[in-house]
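Read the single chain below, which is given as structure tokens and is the form predicted on its own.
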Amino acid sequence: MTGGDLSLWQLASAYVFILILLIIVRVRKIRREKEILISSIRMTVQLMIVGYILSFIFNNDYPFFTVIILLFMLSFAVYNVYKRAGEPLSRELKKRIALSMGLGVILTLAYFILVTLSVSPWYNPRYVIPISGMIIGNTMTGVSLGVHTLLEGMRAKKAMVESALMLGATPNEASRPIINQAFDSAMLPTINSMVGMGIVFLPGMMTGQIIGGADPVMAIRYQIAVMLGITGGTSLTVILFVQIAYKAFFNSRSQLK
């Protein structure tokens, strides 16, 4: 392998790892063969389609295309948060999820693209789309965990919240322990990633740059910047979410629904 090129034959050889997984689940009599095959095929087809779409956009770098891709990724991420909740969400809570993700991602991305990387033009798809994908993906995971923890907390600690309200606490004060727990749970995966990065594992973006021939030190600089952007974006989005989402559990008279 030279020049960072990966032939189709070399790519095909990597599917031996899927074959190993299929053998393991078959021997262990774990009924996952169909799911593994479908996941592998979907992953391959989806990434190939994305590759061709990105090639077209990179060769036709108009702001319209970049914004459309961004909105599609953000919308799909919001939809995934709804689906990952594991239970029906109220319309009011869905609106707050969408609002917090939209604001958090756009503010983080604008600062990162314009200030940290100083990308010119601002809509350059080679920078905006990959970085947006990483920030949106991690934000989606954080908000999903925040939604799950908030729902569980409001359900499990309903008596505690109602008692605090009867003693004169505001909805925010009564819900504060649940809000803090939701924020902490949502941020834990991101914090763990930072702790292990560079020692336990090398991030995918940095590894890809190095394999592609980039200077390792420069690749590390970019990875540090991106990881900080991901952390900031996730924290901003999650704190926006928990600070407005808890209100969906109370009525106009500050009573728990």
Partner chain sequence: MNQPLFQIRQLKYRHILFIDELAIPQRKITCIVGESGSGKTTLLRMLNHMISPDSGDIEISGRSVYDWDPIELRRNVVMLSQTPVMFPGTVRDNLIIGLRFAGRAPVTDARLEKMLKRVRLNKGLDAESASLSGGEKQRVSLARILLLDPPVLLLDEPTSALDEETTRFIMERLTGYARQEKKTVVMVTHSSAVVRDYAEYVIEIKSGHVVKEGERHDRR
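Note that the coordinates shown come from a computational prediction; the quantities given were computed from them, not determined experimentally. Positions refer to the first chain, counted from 1.
Heads up, the form predicted together with the partner chain isn't pictured, but that's what we're talking about next.
With the partner omitted here, the stretch from 122-130, 170-178, 145-153, 76-84 that lies within 4.5 Å of the partner chain by heavy atoms in the predicted complex is 170-178. Only one of A98, L165, I113, L89 lies close to the partner chain in the predicted complex, with a heavy atom inside 4.5 Å, and it is L165. Contact annotation for L103: none of its heavy atoms lies within 4.5 Å of the partner chain in the predicted complex.
For M160, a non-hydrogen atom is located within 4.5 Å of the partner chain in the predicted complex, even though that partner is not displayed. Taking the partner from the other structure, the partner chain in the predicted complex has no heavy atom within 4.5 Å of any heavy atom of S7.
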